[in-house]
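Read the single chain below, which is given as structure tokens and is the form predicted alone.
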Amino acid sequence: MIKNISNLGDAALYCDFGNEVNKSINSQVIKYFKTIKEQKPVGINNLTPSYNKLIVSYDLRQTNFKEVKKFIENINIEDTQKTYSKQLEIPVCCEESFSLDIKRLEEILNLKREKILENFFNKEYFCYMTGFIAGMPFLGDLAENMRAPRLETPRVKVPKGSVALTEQFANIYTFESPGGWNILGNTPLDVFDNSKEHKPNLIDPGDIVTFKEITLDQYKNFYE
């Protein structure tokens, strides 16, 4: 549940659910996020969920901190509908040219390539949040023996579609961008499509994701 609600600048407030990062707390964040989004209270114009925080932005011409805070405090999360989530299967090619950090992962995790891939693909992931770059999903939780630190020197360009690991999370780079995560493979799917104005994200907070390994030929012919 929310531990504290405080001001964040002139036209936003900050809902703090605690410091832990786990599925239970994040599910509460997502419930508030989806409930506020569905009820569309006057003046609230943006919601930004994270692992254990929710930022609520509002238009000062229509409402104020006191009114928004009261609205949030009056939400009975136990009475809200179940948070429905999608279940998605994401194809990933781990051919050598895509698995840029597999050798690093073998050394850090003390596991062979085959075991790393077996662990990765035999796992169900929960989307905690999207962010950093548009639509990028943060997917947890990796088992302890699959957790690796970021690269000491981040790449200037990580290819679009790269599927990568760091600490307890996996993610998918939705655009070519700088980044320091350990790259395991690449997906041909467009995880973020800004031509879809009202629903650009393929993966949303609360969704369940599994990965399926595909061959290089399947990757190349994916949209044919």
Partner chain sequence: MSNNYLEIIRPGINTTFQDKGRDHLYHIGIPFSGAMDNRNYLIANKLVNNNLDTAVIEFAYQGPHIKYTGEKINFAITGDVFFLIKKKDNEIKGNCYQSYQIENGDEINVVSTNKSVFGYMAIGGELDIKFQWNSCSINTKANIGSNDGKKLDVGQIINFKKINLNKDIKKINYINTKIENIRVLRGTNFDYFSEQGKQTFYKKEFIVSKLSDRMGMRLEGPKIENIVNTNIKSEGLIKGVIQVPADGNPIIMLSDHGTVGGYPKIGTVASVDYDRLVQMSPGSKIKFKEINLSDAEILFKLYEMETQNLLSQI
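Source: prediction; values computed, not measured. Whichever C-alpha set is largest while still superposing within 1.5 Å between the two forms counts as the rigid core. Residue numbers count along the first chain shown, from 1.
Not pictured, yet referred to below: the form predicted in complex with its partner chain.
Q: Given a 4.5 Å cut-off on heavy atoms, tell me which of 183-191, 23-31, 40-48, 157-165 is the interface stretch with its partner chain in the predicted complex.
A: Result for this chain: 40-48.
Q: Please run the contact check for F132 against its partner chain in the predicted complex: heavy atoms, 4.5 angstroms, yes or no?
A: Yes, F132 is a contact residue.
Q: When the contact criterion is heavy atoms within 4.5 Å, does A12 count as touching its partner chain in the predicted complex?
A: Within the cut-off, so yes.
Q: Would you please decide whether S57 lies within 4.5 angstroms of its partner chain in the predicted complex, comparing each non-hydrogen atom pair?
A: The answer is yes: S57 has a heavy atom within 4.5 Å of its partner chain.
Q: Within 4.5 Å, heavy atoms only: does Q218 come near its partner chain in the predicted complex?
A: Taking the distances in the predicted complex, the answer for Q218 is no, it never comes within 4.5 Å of its partner chain.
Q: Select from 60-75 the residues with a non-hydrogen atom within 4.5 Å of its partner chain in the predicted complex and write them out in sequence order.
A: Contacts from 60-75: L60, R61, N64, F65.
Q: Could you tell me whether the Cα atom of S27 shifts by at least 2 Å between this form and the one not shown after core superposition?
A: Stays below the 2 Å threshold, so no.
Q: Does Q62 shift between this form and the one not shown by 2 angstroms or more at the C-alpha, the core having been superposed?
A: True for Q62: a C-alpha shift of 2 Å or more.
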